[in-house]
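A lone chain, given as structure tokens: the form predicted on its own.
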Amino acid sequence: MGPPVNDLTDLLGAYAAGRTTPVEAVDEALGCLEKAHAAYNCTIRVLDERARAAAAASARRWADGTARPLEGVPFGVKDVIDVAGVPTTHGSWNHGDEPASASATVVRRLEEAGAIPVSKDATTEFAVGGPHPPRFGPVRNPWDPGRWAGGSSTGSAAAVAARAVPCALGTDVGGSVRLPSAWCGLTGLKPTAGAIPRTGVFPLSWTTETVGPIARSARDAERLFAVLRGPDGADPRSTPLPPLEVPARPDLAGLRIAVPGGAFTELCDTAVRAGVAHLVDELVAAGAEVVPGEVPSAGDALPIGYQIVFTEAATLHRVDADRWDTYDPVVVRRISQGIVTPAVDYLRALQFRVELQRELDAVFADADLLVVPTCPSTAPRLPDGTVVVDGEEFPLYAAQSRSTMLGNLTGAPGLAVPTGLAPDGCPVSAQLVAPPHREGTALWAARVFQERTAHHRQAPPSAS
């Protein structure tokens, strides 16, 4: 009997009941990764020997009663995050020959909790490039291999969606955990800015970047976040946090949700909007109350967010200008935009962040959560990367981060939650946006929704 590797919590239950062992689960994951990579191009490196040695140690811990919270759980690592002794390529020809000297804080914390890294997962180049990185090529979506898995945590999401691993680590600058999670039918958390340390993660934007888990369910994301969060003494943005509080109740009595329109729904497919309405209906049926709430400047978040991200990326990559001929042309175009951004425009963009935070604070004065689309369409089509909204094609970058950049600019956490399938057979998703350091509220609402539905358990037709 193969282990239920598609769900972290179920896997831990199978270990505890003796139905499988970490050795069997890791062997299964490694075999599934090989097949998934052949189908979807999702893995840069498989950590066979390291993973099998760790699995044997985890099996002994389960046998002698010293199992840790995530003992024996295999996980993937986006390849901008260091794993000690393993090269970090950043998806580029220009990096990755030398092994990392130490693991990133997030990897170390998962390992200390007993989890086992089994792969370095594909990413867009430097986590800012397009769907076609020159070194490794595009990652295909397990729901439809003619589509992109999403970026920039593209391989991590594809591997989890393909049921090769139960969870993975990603990074999020404008939606890079939540977008591939949405397009692959997964639950992905972008935490509050600074909640998870970025030590050992290749930087892109110090203003907007976070690290977050990609998982099958809210209960799995909660387990991972509980281990990952908190300062490490090295990342200056990572400071002491309030306790993580996730109510255990199966109802949502007292929860107030706002469902803003405007820029969030102007360019949004009917199936996506129906998924948002379905989520809201289920939350209300569980006891939540819908209250008014709008974010007037939400439509400006995407272009201004890109302005900040590209300018900060340019400061990191300008020193390598003599090697740009080997970069993804999308990366070059973006950092070039950053280089020519006047200082006054960059500073004005930072001031816009404050104004947007105030608008969000005003909504959260009367609401506990915002419910918005995670992205306006189902997964983009390859090779051109266009998205389709109600039958009309749009460029990927005009649409993909319309709702997610809100959280990156304000620092607020966002949780992508699968809400079903569109008529084209691909997943749709809604995003729960919470006040800073209130991830527990979003995780609670998502868990209750997932207890009432089964969308998060739907598997791509190609996964078995």
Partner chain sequence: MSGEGGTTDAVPGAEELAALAARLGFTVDEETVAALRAAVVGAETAVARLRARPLPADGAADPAHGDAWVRP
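Residue numbers count along the first chain shown, from 1. Since this is a predicted model, take the numbers as computed values, not measurements.
Beyond what is shown, the protein has a form predicted in complex with its partner chain; the following relates to that form.
Using a 4.5 Å cutoff between non-hydrogen atoms, Val290 does not count as a contact of its partner chain in the predicted complex.
Mapping the unseen interface onto this chain, Pro250 falls outside it, with no heavy atom inside 4.5 Å of its partner chain in the predicted complex. The shortest heavy atom separation between Leu204 and its partner chain in the predicted complex exceeds 4.5 Å. In the predicted complex, no heavy atom of Ala365 sits within 4.5 Å of its partner chain.
In short, of 71 to 79, 354 to 362, 369 to 377, 264 to 272 it is 354 to 362 that has heavy atoms within 4.5 Å of its partner chain in the predicted complex. In terms of contact with its partner chain in the predicted complex, the residue from Arg237, Arg135, Arg381, Arg108 that brings a heavy atom within 4.5 Å is Arg237. None of Pro99, Gly233, Gly146, Pro242 but one reaches within 4.5 angstroms of its partner chain in the predicted complex through a heavy atom, and that residue is Pro242. In the predicted complex, its partner chain lies beyond 4.5 angstroms of every heavy atom of every residue of 41 to 68.
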